[in-house]
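Given next, in structure tokens, is a single chain: the form predicted alone.
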Amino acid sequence: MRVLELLKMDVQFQLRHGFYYAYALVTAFYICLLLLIPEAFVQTTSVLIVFTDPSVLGFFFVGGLVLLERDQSIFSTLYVTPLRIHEYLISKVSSLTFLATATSMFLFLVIHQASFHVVPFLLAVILCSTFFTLLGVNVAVRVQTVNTFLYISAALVVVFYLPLINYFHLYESPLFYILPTQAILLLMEGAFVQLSLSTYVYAVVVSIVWISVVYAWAYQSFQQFLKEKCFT
């Protein structure tokens, strides 16, 4: 299957360019940090770290990948191959989500051993990475430079990180529950507490709705991006 071949190529590319080595170092740093802080803060801090870094690495990495591939004129070749945009997006999301999941799981296994619920935690990381990677594609196809990408990213991060205010019990609003990040934070908290069925349903439904919307948006954006880059 073409998508599997593309996925293999993406993982090899990420390995060759040091993505895995970089996150091995980052994970080692976080583990050292968590081992040094008081035990009472470890759970909250570990969720915060995974939510704000490994789970969203796809957002920043996919931006760099799209801009790099554009500069190397790879899309002109891509457009005339049988490869479909769906396959390109699936490969990018899958490869970066694999890295996010492996990093997050390793960190949690070292810090919490078997004292956390794997299912809600894995679900949260996968949904979070999928959403932010697709969001990153939407930004990357609209900018010309890495700096512009980072400026827009900062604005988006502020919006989608608003549920952290609720996570730290600083302020609660029902509006937070519209955002996918509120749903993802609830699933991450489920690593340490028993979640109700209604919470699972809410978190999964809201996340899938957002992922569906951002996927359709990414598909249309990327299609337009390829037409402009290949025919202008």
Partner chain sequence: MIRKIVILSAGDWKNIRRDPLLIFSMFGILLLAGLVRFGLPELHVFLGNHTTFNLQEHFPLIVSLVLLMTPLMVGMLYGFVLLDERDEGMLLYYAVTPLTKFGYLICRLVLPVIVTFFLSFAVVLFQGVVDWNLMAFIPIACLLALQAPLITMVMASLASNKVEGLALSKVINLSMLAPLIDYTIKHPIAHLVMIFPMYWPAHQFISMSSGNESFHSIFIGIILTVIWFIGLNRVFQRKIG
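Small disclaimer: the values here were computed from a predicted structure and weren't measured. Numbering follows the first chain given and starts at 1.
Just so it is clear, the following notes concern the form predicted together with the partner chain, a form of the same protein that is not shown.
- Contact with the partner chain in the model of the complex, defined as a heavy atom within 4.5 Å, is made by none of M1, V11 and I49.
- The closest non-hydrogen atom of L65 lies within 4.5 Å of the partner chain in the model of the complex.
- The closest non-hydrogen atom of T77 lies beyond 4.5 Å of the partner chain in the model of the complex.
- The partner chain is not drawn, but in the model of the complex it has a heavy atom within 4.5 Å of F19.
- In the model of the complex, the partner chain sits beyond 4.5 Å of every heavy atom of A216.
- Contact with the partner chain in the model of the complex, judged as any non-hydrogen atom within 4.5 angstroms, is confined among 131-139, 146-154, 100-108, 83-91 to 146-154.
- The contact with the partner chain in the model of the complex, taken as any heavy atom within 4.5 Å, belongs to V26 out of V42, L195, I178, V26.
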